[in-house]
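Below, in C-alpha cells: the form predicted on its own, a single chain.
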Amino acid sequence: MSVASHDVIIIGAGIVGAACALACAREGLRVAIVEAETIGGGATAAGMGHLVVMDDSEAQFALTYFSQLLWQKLATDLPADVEFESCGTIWVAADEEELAAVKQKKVFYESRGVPAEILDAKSLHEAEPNLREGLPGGLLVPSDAVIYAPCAARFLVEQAQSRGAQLYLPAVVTEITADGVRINNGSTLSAHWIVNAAGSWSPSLTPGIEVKKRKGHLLITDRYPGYVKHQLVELGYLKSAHSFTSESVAFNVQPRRTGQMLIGSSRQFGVEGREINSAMLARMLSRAEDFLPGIANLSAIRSWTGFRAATPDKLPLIGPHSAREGGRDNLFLATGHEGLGITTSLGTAALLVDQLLERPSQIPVAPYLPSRARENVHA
C-alpha cells in the first residue's frame, strides 16, 4: 500500500475540479487531482460551453457575473483550442409578454454593471436573419462568451501541474476516509482537506447531499459558418430549466468557431441510462425549429447525452460538509452546478480556496454553503 501526503485532494477533473486544483496550486498548496476517466469528461464534455450571466436570483447572478469576469481576465492566456469567443447572448422573446420581461432583464443587468441592449423586431432580424419572422425582439448581452470546455479543463489541469499538482488518472475514488481517499488500486492518498468535485457522482461519495442527476441531450450540426452569430436562448429557458421535477425542452443554440452549431436543450430527472431518447430529442429539435425554421434542412453530425448535478434551489454547494451536517470538517464540496458549471467554475474555485485559507471572499459565500440546505429545512 502506498501513501502520499498532500494539502488538498480534488476528486474530479471536470472543469470545476480543474479550476479548484489550479486555484489551490496558485496558493502554493500541495494538490492531488484524482480523476476516474478523462480530464474534462462528464458534464464538462457533454454540455455547451456558455459563459453566461444569469439572473434567476441575486445569488445566481453574483456567482455567474463574478465568474465571467474571471474568465475574461484569463481569456488572453487560453490556448487556441479552448476557442474563447465573445459572441454575446441574445435572449429571444417569443411574444409581447416576454418582450416586457426583456425590459425588466435589461434594468436588472444594467443596474449591476452588465451592459445590455434591447433589440426590436427589426434589429433582431438584422442581428440573426435566420430567426423566424414575427418575433418581437430580444435582449443582447454582449459580454457573454463561449468556450470549448474539455480543452479549457485540460488547460486548467496543466496549469495546476506546472505549479506542482499531481494528477492520478485513471483512478477511481472508492471511499473518502477521515484523512484522505482510498482509490481502486488499493492505495490511499492523505491530505489536510478533501474536495468532492465529482459532479453528478458526488452523492455516491458523500451520501445525503441534495444533488440529483439531471439528464440532457445535445446535437451538433455540420459546418454552416455564420448561420447564427450569437448564443441564442429563448426567454422561456429560465422557466423550463428550473423545474426540479419535470422533463422539459427549450430553444438554445450556440455557434462554434468551426462553423458548427450546438443545439439544445433538454432536461430529465429520474433517468439513469445514457442512451438517446428519440422522443425527447425530437421535442428539443422541434422547439429549435420554432425559432430557426431553416435548421430542419441542415445536416446533423451526432447527438449525445450527459448528466448535470442539480440542487433544489439551483445553486451549487461550495464549502465545508461539516460534522454537524453529518460530514467532517476537512471535507469540502464543489458540486451541484447543474448547467452552469462551466460558467461558474472559476468563481467556485475562488470561493473554495478562500474558505480553505479562512480569508474574506470577493462575493458573499453564504448562499452556496452546503449548510444552507439544513438551515432552510429548519427556517
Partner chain sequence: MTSASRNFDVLIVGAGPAGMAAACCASENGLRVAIVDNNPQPGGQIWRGASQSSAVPEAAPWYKKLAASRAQVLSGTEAYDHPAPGKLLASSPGGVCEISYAKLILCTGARERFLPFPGWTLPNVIGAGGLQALVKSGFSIAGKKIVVAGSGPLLLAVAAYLREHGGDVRLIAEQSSWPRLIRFGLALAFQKEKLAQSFALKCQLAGIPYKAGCWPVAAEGNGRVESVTLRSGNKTWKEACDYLACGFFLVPNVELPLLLGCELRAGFVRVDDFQQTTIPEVYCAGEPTGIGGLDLSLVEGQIAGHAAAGNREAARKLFRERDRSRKFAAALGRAFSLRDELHSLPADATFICRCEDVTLARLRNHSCWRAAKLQTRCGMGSCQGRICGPAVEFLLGWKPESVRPPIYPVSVSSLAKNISIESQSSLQEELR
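Keep in mind that this is a model prediction, so the values were computed, not measured. Numbering follows the first chain given and starts at 1.
One more form of this protein should be noted, the form predicted in complex with the partner chain, which is absent from this view; the next part is about it.
- When contacts are defined as a non-hydrogen atom within 4.5 Å, none of E85, K212 and L315 contacts the partner chain in the model of the complex.
- Proximity to the partner chain in the model of the complex, taken as heavy atoms within 4.5 Å, picks out 296-304 from the listed stretches 135-143, 111-119, 296-304, 97-105.
- Remark: S286 counts among the residues lining the partner chain in the model of the complex, judged by a heavy atom distance of 4.5 Å or less.
- Though the partner is left out of this view, P255 does not reach within 4.5 Å of the partner chain in the model of the complex, counting heavy atoms only.
- Heavy atoms of Y148 reach within 4.5 Å of the partner chain in the model of the complex, making it an interface residue.
- Looking at V249, you'd find a heavy atom of it within 4.5 angstroms of the partner chain in the model of the complex.
- When the partner chain is considered in the model of the complex, only one residue from E126, D222, E272, D77 comes within 4.5 Å through any heavy atom, namely D222.
- With the partner removed from view, the residue among L205, L281, L131, A191 that has a non-hydrogen atom within 4.5 Å of the partner chain in the model of the complex turns out to be L281.
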